[in-house]
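Single chain ahead, by itself, as structure tokens, in the form predicted on its own.
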Amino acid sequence: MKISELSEKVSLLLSDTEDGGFDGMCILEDIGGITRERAALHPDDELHDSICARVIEAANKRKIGYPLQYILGQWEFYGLRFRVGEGVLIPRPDTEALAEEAIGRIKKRGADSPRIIDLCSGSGCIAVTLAKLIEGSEVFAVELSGEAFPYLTDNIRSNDARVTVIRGDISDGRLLDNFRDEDGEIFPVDCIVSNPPYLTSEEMAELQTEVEFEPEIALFGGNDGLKFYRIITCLWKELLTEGGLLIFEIGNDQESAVTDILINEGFGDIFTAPDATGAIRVVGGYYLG
């Protein structure tokens, strides 16, 4: 099959898919090794049957809603590459707003070696980004899922990031012992950041097709979507220094509820930040002790 013929077939398969042109281009390039330049300059090049089969299989998967990121096996976040696949939440542009806000506020505080914990770390996109962009930082990534954990460790390694991984359930208070010295004294933590599961029961019942392929453990935040905000704010604040930063990604219409949780647990100077669409995507505050 010629490049032009394969390109046409992929376009036809994805004609009813939102952003089908972009998806097809990614599949041709990443799965078939066919760059846009080659397709434009050498449309009559003959391709090996195995290449065509892989590309068509990938396009058929995308046609039924299978996530493009899983098909490609990797995705970009904040200019860095992260390996992804079934069992791990896909990094999204929304979460870049969380990373950007955390980076700016941690740097503004000016600590020489800020200690940062990323809870519900998943692919590690937040932990790795903070470790790479905040000089001298000591970053910890906490994740429970056995399916997500290999992606987390691999992404830390492939991005050459200085991140310590801890496997466990963030609702288990024993995890905090990882941040105590031999005398039981807490190591001071400057920032806790998290993109926790925050979808409600109603939202889980109305998921877009491609989101249904992502792990429920990384999506469902209890009936009202606020379960993990309550747990993290109540339990993990113990590790924060006075004035330490706790910063969350939030779901739609959760700004007021998460703000109230923070205030009720002793946080002040509450702030918010929007994502690229202008929707409030970040809520955080400083621990008053």
Ligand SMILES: C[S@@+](CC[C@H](N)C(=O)[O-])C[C@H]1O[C@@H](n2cnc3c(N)ncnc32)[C@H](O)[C@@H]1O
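Numbers for residues come from their place in the sequence shown, where the first is 1. All figures in this text were calculated on a predicted structure; none of them were measured in a lab.
There is another form of this protein, the form predicted in complex with the named molecule, and it is not shown here; the text below is about that form.
Asker: Specify the contacting stretch among 115 to 123, 67 to 75, 180 to 188, 102 to 110, defined as having any heavy atom within 4.5 Å of the named molecule in the predicted complex.
Answerer: Looking at the other structure, the answer is 115 to 123.
Asker: The named molecule isn't shown here, but in the predicted complex which of Thr129, Ser137, Asn195, Asn155 has a heavy atom within 4.5 Å of it?
Answerer: None of the others qualify; the residue that does is Asn195.
Asker: So which of Leu133, Ala97, Leu144, Leu80 gets a non-hydrogen atom within 4.5 Å of the named molecule in the predicted complex?
Answerer: In short, Leu144.
Asker: Does the named molecule come within 4.5 Å of any heavy atom of Gly168 in the predicted complex?
Answerer: So Gly168 counts as contacting the named molecule.
Asker: Is there a heavy atom of Leu207 no more than 4.5 Å from a heavy atom of the named molecule in the predicted complex?
Answerer: Judged by the heavy-atom cut-off of 4.5 Å, Leu207 is well away from the named molecule in the predicted complex.
Asker: Is there a heavy atom of Leu176 no more than 4.5 Å from a heavy atom of the named molecule in the predicted complex?
Answerer: No, Leu176 sits far enough from the named molecule in the predicted complex that none of its heavy atoms falls within 4.5 Å.
Asker: Decide whether Leu89 counts as a contact residue for the named molecule in the predicted complex under a heavy atom distance cut-off of 4.5 Å.
Answerer: Residue-level check for Leu89: yes, a contact with the named molecule.
Asker: Pick out the residues of 220 to 238 whose heavy atoms come within 4.5 Å of the named molecule in the predicted complex.
Answerer: Sequence-ordered list has one entry, Phe228.
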